[in-house]
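Okay, so here's just one chain, in structure tokens, the form predicted on its own.
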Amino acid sequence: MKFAKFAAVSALALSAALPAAAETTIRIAGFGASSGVVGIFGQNSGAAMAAAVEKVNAEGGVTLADGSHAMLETEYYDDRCNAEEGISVLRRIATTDAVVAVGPTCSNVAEPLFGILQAHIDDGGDTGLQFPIFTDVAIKGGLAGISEWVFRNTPSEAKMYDDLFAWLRAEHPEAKTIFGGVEEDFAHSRFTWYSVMKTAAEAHGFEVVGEAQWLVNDTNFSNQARAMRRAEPDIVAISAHPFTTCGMLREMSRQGVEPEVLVGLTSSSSLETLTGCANEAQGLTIPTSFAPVNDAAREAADAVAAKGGALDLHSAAAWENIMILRDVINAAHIDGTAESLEADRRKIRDALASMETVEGLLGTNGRTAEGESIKPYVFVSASGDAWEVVHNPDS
């Protein structure tokens, strides 16, 4: 199930000037879905982690407790977006010398996987796995609270969509109704429509005039588009990943469904959506915690592209996680030896728990006591073959 192994070869050459650097490596494992219908998310996360590790090593690596330097090394494991495989992968990672893991991709994997970890630190009666996880992609709300070994760098969709529908209310005062389309068998898309988008839309005065469901592997959307056409909504919200979002948008175009506003799922603010259906996605508006709007974000996007990946809100979090873990390792004073492995994992866990703010690609990210992130975000809209920033709530 291993997807790829990335060693920063070029950085090792640079590190020759640092005596201890070439002798010691600190392993950070990555895991998630790198095959199957959502495999592109794991592939992008793996590329982002590899690019970020290369940058860290080129700048000298990390500092250990004795003052020596070590290089980072990362591997990426495929859990196929399957909960049982995800748990198996994590148990396998825990038997290696990895000090922390970044993942998983899918919320339906994250929720049961977090459940096998020790719930509360230093609870002698809890035999759960004691291993720190810093999640980059699985975005369903509230999951970090399952275990004190879990930390996430994912945005709050509740806040993002509340702001988005408030903005749409101001920008489109004539719009009154909304129709929701949802990828019913995917935890993230289902949760986001029923518990986030729908709630936010109604809170800002939009009337829900219909809902349609489909599955992540569906390829026929004629009945759902027909229901949309009959309802004649002002807004259509599609809570689905790029693959079925594009299928739905193509069918809407074929049947002449033309709402005033199109709203999409955070995960669909990606290159995959534009590659799959740029013409039909024109105007699709989505909140996202990543856009190449400054030098750091553009530099990261170029570095990930050089590794064969694309930077979006999910893979950008993977990049940020490596940069944050660099700082965490430097601050935690780990020893980096086989004998210190368990103690090093605990030091990294404690350092992650102590974070109050961290620097991200779009600015400063806040941290909550529950291990969640408070990330800056913007609203983007598909325009031509790119995502255009149409509003910054912080501006």
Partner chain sequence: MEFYLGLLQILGVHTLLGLSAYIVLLTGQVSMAQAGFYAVGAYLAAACTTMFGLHILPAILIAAVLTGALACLVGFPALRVKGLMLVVATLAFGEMVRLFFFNLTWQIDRTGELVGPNGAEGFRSIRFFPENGWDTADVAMFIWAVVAVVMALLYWVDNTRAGAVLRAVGHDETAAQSIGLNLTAIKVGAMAAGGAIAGLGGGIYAHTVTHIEHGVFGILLATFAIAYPILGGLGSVFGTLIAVVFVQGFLVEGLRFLGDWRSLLFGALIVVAMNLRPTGLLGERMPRLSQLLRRRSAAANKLNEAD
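Positions refer to the first chain, counted from 1. Remember, predicted model here, so these are calculated numbers, not experimental data.
The same protein has a further form, the form predicted together with the partner chain, not shown here; the description that follows concerns it.
With the partner chain omitted here, the record of contacts in the predicted bound form names 105-113 of 202-210, 297-305, 171-179, 105-113, defined by a heavy atom within 4.5 Å. A heavy atom within 4.5 Å of the partner chain in the predicted bound form is found for one listed residue only; from R229, K198, R190, R250, this is R190. Interface residue among E280, D78, E320, E157, judged by heavy atoms within 4.5 Å of the partner chain in the predicted bound form: D78.
By the criterion of a heavy atom within 4.5 Å, L117 is counted among the residues contacting the partner chain in the predicted bound form. The partner chain in the predicted bound form is approached by G36, whose closest heavy atom lies within 4.5 angstroms of it. At the 4.5 Å threshold, heavy atoms of Q43 reach the partner chain in the predicted bound form. Heavy atoms of R254 never reach within 4.5 Å of the partner chain in the predicted bound form, leaving it off the interface. For the three residues A353, R367 and S373, a heavy atom within 4.5 Å of the partner chain turns up in the predicted bound form in no case.
Contacts to the partner chain in the predicted bound form (heavy atom within 4.5 Å) from stretch 74-104: D78, D79, R80, E84, E85, I87, S88, V89, R91, R92, T95.
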